[in-house]
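Coming up is one lone chain in structure tokens, specifically the form predicted alone.
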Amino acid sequence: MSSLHGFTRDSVVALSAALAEPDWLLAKRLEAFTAFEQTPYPDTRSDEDWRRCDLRRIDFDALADIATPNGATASAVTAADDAVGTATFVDGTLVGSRLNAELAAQGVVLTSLHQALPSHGELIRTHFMTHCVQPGEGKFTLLHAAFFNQGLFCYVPRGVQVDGALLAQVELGGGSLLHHSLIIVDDGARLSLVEEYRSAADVTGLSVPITEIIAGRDAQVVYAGVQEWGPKVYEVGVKRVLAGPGAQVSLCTGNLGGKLSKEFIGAALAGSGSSVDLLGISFPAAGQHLDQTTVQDHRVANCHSNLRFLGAVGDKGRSVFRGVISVHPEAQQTDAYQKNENLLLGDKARADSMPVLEILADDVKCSHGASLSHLDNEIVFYLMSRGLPRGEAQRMMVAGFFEPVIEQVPVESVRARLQHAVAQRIDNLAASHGGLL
């Protein structure tokens, strides 16, 4: 595997200078870079989180150029009319934003991290890769901490209720994109936010994103992250929630694109009475490898978490799911459940599902389930008996398989685009098999 020669200390300093960062942020970058050089690559032989992910497929040196703005791709990013605020990033740079005037007057912020530093520097310094996602978690979190090229900053002050959803769109035109999203929802506040990641079909790139969602006491958060990278993009990313006392959070991910995607998705339930739902869909097709590790991390007592991940795998595609429920000794009265459902659409499709329970408390309710199946021929026959052609019946079944998760995405236009992306994948798969799945 490549040694990441293209990522150097000089490029850390140059990037920080170009972004006019404060001294504390440069110091944080350099500390991460030093640790990055000293940290080994993930052991793909013995580390369960990496054992089924072949990093040798990624030529890191060829992708080491930090992405810069590309006006040719900016026109491909369009805003959603039903969102109350949008922020559009192209190759790591904020190229446009808008926010409902009433929300702005209440102190809601939707902008880039670097544009927010002058007015919210201490808030960012307090929460940026400190207690939600920490740089030292692994090789790629250190890479991100050293080289992140801008990102999203969203802040909802104490008690503010955001009616409607905010939308962040991230476009990659090539090279390496290390996009960071810092989302802070203060005590008693409410937020719905969608992030979309996409690139053109001919773009070759590396994405190493991190999303941190920090939910204060009794905060209510709905987050959806939709990834539709082109077929030449590689990704290693992290999405994590830190839930305070009484917080209610729903995190939904749609993992549809990319050549190889390794994603760590988790929730740290750090406040008593908090509740988190983790929802996800994935649909790898031929030549795609989508690998997801989830963690429901129960740190304190009286918390609830629920996970439901749905994956359909096209012929010669592969999906990997490893879900961990971790219950600390202090986390009595935990109620946690996880379910991973997989639909195989071809004899050469492959799905691996590994639910894990790590329980160190004795008064808990924890369980898990996993399923693996092909399309049910009896249901196909029933639909055909009602007048549907076989191909249309199969398409309807696959689309319906994903609906329980898609319907929870808060922005109508994003739901529609997600449904369209799933439908396109179904059609492409059917076309390669003579119209049938």
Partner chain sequence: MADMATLVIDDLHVSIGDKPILKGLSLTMKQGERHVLMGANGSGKSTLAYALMGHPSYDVTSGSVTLDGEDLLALEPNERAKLGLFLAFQNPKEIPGVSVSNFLRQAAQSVRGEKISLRDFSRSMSANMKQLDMKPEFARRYLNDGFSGGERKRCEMLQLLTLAPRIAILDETDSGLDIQMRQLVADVVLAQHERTGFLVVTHYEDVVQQMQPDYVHIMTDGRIQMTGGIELAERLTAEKSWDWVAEEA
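Quick caveat, the model's predicted, so the values are computed rather than measured. Positions refer to the first chain, counted from 1. Rigid core: the largest C-alpha set superposing within 1.5 Å between the two forms.
There is another form of the same protein, the form predicted in complex with the partner chain; it is not shown, and what comes next is about it.
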**Item:** Exercise: Asp61 in contact with the partner chain in the predicted complex, heavy atom 4.5 Å
**Value:** no
**Prompt:** Closest heavy atom of Glu48 to the partner chain in the predicted complex, within 4.5 Å or not?
**Reply:** no
**Prompt:** Glu37 near the partner chain in the predicted complex, any heavy atom under 4.5 Å?
**Reply:** no
**Asked** Hey, in the predicted complex, is Ala27 touching the partner chain, heavy atoms inside 4.5 Å?
**Response** no
**Request:** May I ask whether Met384, Met396 and Glu403 each come within 4.5 Å of the partner chain in the predicted complex, counting any non-hydrogen atom?
**Result:** yes
**Prompt:** With the partner chain left out of view, which of Asp54, Glu412, Asp43, Glu392 would have a heavy atom within 4.5 Å of it in the predicted complex?
**Reply:** Glu392
**Asked** Superposing on the rigid core, do we see a C-alpha displacement of 2 Å or more at Ser385 between this form and the one not shown?
**Response** yes
**Message:** I want to check Ala14: does it shift between this form and the one not shown by 2 Å or more at the Cα, with the core superposed?
**Reply:** no
**Asked** Between Val409 and His304, does the Cα distance in the predicted complex come out closer or farther than in this form, changing by 3 Å or more?
**Response** closer
**Outcome for the Cα pair Gln220, Glu412 in the predicted complex, compared with this form (closer or farther; change of 3 Å or more)** = closer
